[in-house]
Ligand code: SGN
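Shown here is one chain on its own, the form predicted alone, set out as structure tokens.
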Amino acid sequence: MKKIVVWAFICVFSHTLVGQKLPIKRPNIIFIMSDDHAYQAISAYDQRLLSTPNIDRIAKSGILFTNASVTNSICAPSRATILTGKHSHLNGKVDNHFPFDTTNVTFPQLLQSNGYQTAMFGKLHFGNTPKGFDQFKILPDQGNYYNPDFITKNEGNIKVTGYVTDIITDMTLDWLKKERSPEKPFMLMYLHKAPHRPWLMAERHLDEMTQKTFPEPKTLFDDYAGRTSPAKEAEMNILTSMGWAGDNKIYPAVLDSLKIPEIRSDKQRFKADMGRLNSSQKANFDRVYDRINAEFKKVYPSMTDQDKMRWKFQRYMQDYLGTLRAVDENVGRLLDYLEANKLMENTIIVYTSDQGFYLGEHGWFDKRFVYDESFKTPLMISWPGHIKEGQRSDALVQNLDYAQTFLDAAGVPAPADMQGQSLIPLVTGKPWKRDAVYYHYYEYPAEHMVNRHYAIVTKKYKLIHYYFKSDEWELIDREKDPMEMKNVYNDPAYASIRKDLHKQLDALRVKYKDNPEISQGYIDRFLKDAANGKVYGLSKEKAAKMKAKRK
């Protein structure tokens, strides 16, 4: 009799949880995210730079999105949007300076409270005790590539010898093997540090990747003549803003011998990163980079600025893409485990990045702008039996949508204040529509000095408003100008289009509850913190002048 009662309870529970009807077999969810992974550096999108056969496996078994984007192209705010399903101005994490509001309800909390086993391994980038996880081991802040520290739920702070991409995967597989409960569906966040700056690749890839030559983007020598002032003023040009030491791995002693001026705290960053290497790791790095430094010392005195730009671009690509070799290998390790243990059948697998990244386009590295290489992000989703293999979609989807997508798949109601749109109908072939997306970037003044701006983006156009440093508008014709080189805002031929986009933008700002008062509030808070010496890289004096000028 007791067995019958228990079985009846299980049957009822499998259909109803917290008063909601759920699928009999709820899917597992694996969310894989790398940091600053440009879609151009995934062979499923573009085969010119790097082969990523394992990441491509997810696209081949499911759907690849060509118009996926972020709401705010910078690390911590993007992650906050993913977790909360809300735009930055509502979840409060508008930039890397302001803290995350821990009163926000996140989708992992909701899944956990509705019967999911949850775990997170890798880079969160904000907060030391993420809510809604049965297990976590996360990197503090940005984390380190070699011999990284971790904040853990059960072991306190630990340091692990090895390469970060391999270690995060080891932790993930160890959890799947030893802690995962077969009786529960699980939600696993597998989050890589790579390919975030300073681009230290695994030792096993040093010889191969540092001897490769990569094709230059057509806009490497962009002079920004066709755009508004923010493009000209941004400090992310490879020639003038990328560090010789911390980024390109030229030794400080070599820079001193050649009398090359230091770019910001370049030498300090180099010493901090290389200082984490143990003797064996350092020997491997020195063996490879000694050769590069010796060659550089010979050619530098006769190099033109154009030569230097090309040299720095190649060094950038070698190291950036080198870190991705290990990401792809380790994604393969995870997929192989899932296949070997028959966990693919009812598991949603997502691969994405927290935003895009410039790989020399417009002469830049980094992100922040609403231009495509920064705004667009890789996104592929597989779910055997639910998503047909080999699909491509140009739908306007955003990282705003992930929370509601996962809750929808699990049969858990989304909170009313979430602002995204579940992708489940779209990926399973049902009606789904969105004509435009909204973008808002806040982190100025700060590193890379990209002016604050918001925008509406459709499949055909971008209407962008820059504010704070300057008050300027841009209109980009995405079809006629795919490299985004010309502002046509004042072109009479676009007058009616401009008028219509302004109306759509105003409507989107109302829909997403953004307005000038909110923007001004964040500016006032930022300048107040800066005037009190609480903002890295902005002096009290400069902040006080900005604050006075705005009054």
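Start at 1 with the first residue shown and count on from there. Treat the numbers as computed from the prediction; the structure is a model and nothing was measured.
Just so you know, the form predicted in complex with the ligand exists too; it's not on screen, but the next bit is about it.
> So in the predicted complex, is the ligand close enough to I74 to count as touching (4.5 Å, heavy atoms)?
I74: contacts the ligand in the predicted complex.
> Might K267 be said to contact the ligand in the predicted complex, defining contact as any heavy atom within 4.5 Å?
The answer is no: K267 has no heavy atom within 4.5 Å of the ligand.
> Is D354 close enough to touch the ligand in the predicted complex, meaning at least one heavy atom pair within 4.5 Å?
The answer is yes: D354 has a heavy atom within 4.5 Å of the ligand.
> Does the ligand come within 4.5 Å of any heavy atom of Q142 in the predicted complex?
Judged by the heavy-atom cut-off of 4.5 Å, Q142 is in contact with the ligand in the predicted complex.
> Select from the listed residues H196, K462, R310, H205 the one whose heavy atoms reach within 4.5 Å of the ligand in the predicted complex.
That would be H196.
> Please pick, from K376, K249, H89, K123, the one residue with any non-hydrogen atom lying within 4.5 angstroms of the ligand in the predicted complex.
Looking at K376, K249, H89, K123 one by one, just K123 meets the 4.5 Å heavy-atom criterion.
> Where, among 451-459, 108-116, 150-158, 74-82, do residues come within 4.5 Å of the ligand in the predicted complex by heavy atom distance?
That would be 74-82.
> Counting only heavy atoms, which residues in 79-100 are within 4.5 Å of the ligand in the predicted complex?
Going through 79-100 in order - heavy atoms within 4.5 Å of the ligand in the predicted complex - there is one hit, N96.
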